[in-house]
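In structure tokens, the next block holds one chain alone, the form predicted alone.
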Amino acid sequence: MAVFDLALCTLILLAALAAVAGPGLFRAVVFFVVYGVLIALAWVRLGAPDVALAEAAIGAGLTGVLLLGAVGRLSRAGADEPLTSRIDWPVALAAGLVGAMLVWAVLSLAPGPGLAPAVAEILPQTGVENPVTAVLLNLRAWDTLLESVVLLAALIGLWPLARGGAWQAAAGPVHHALPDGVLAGFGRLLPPVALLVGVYLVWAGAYQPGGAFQGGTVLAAAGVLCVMAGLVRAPGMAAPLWRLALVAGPGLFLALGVAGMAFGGFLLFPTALAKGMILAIEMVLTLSIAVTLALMVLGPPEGGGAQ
């Protein structure tokens, strides 16, 4: 597999170079998505399928869609796209220096098992069998809690861009699709499959690769597809249930974290209750992540009534 690994590393470098130095914003975003897919393959080769799933779903998929939407908005706004790219040499040199330092830091690390033995030793006390889930939702739950809050803050920061300040209206533009067209057909076919996959990823995250962010991204994609196919109307923030869906995951996470103080510390889950608490957080957090990501992809309201 050495030939495959060498070819993969080469493609990653070429895709990164094309995304940064290639002409055209649209082409740069396309190569960015390709870069994300290749990085996901690299994580698989490194034995980190959890990170690979997150990179493919969020790093390449969701971020790529958001960047494509930004390019489309720039085009509609009449922003001129540069015909040729210009390399900012000071920035390039600084990036190269940082890259060289990272390579030196990795090569200077002493060989060893890392934190894997310590995590394996304490894993039975975390309530789950997947060490990644144990770290993210028990041993280092602070990180995941803050990530969910940052995601919600990003959506709140997007809403002031709504036309006329009507941020409570239906998200994004009004979508129309041919009733018998390909988009409408996919809108009817894929969401049930995506629902099963999303739920499975969340449930499987307790003992194998998966989790709330991966499952939430799949559910968000299914929701966006239904809206684009014209099967359902885009949600808006006028309805209390949508607002509740946004804050339910971080809110439950924070509430259980505070409850953990009764057992010795914030976000400290007792062994007997850890699995149930983690699964509850994962399920509710998946809903919040799905709604948040879907609203971010759809964009701020551009027309239509509130819901």
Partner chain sequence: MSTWLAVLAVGLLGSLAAALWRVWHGPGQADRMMAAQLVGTAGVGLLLILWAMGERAALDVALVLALLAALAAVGFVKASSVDGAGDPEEEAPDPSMIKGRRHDP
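As the structure is a prediction and not an experimental result, all values here were calculated from the model. Residue numbers count along the first chain shown, from 1.
The following text describes the form predicted together with the partner chain, which does not appear among the structures shown.
The closest non-hydrogen atom of residue 168 lies beyond 4.5 Å of the partner chain in the predicted bound form. Residue contact with the partner chain in the predicted bound form: residue 281 places no heavy atom within 4.5 Å of it. Although the partner is absent from this view, residue 56 contacts the partner chain in the predicted bound form, with a non-hydrogen atom inside 4.5 angstroms.
In the predicted bound form, none of the heavy atoms of residue 124 sits within 4.5 Å of a heavy atom of the partner chain.
Residue in contact with the partner chain in the predicted bound form (any heavy atom within 4.5 Å), chosen from 237, 228, 128, 145: 228. Heavy atoms closer than or equal to 4.5 Å to the partner chain in the predicted bound form belong, across 169-208, to the residues 173, 174, 175, 176, 177, 178, 181, 182, 183, 186, 190, 193, 194, 197, 200, 201, 208, ordered by sequence position. Here's the thing about residue 61 and residue 192: their CA atoms end up at least 3 Å closer in the predicted bound form than they are in this form. Look at residue 60 and residue 192: in the predicted bound form their Cα atoms come 3 Å or more closer than in this form.
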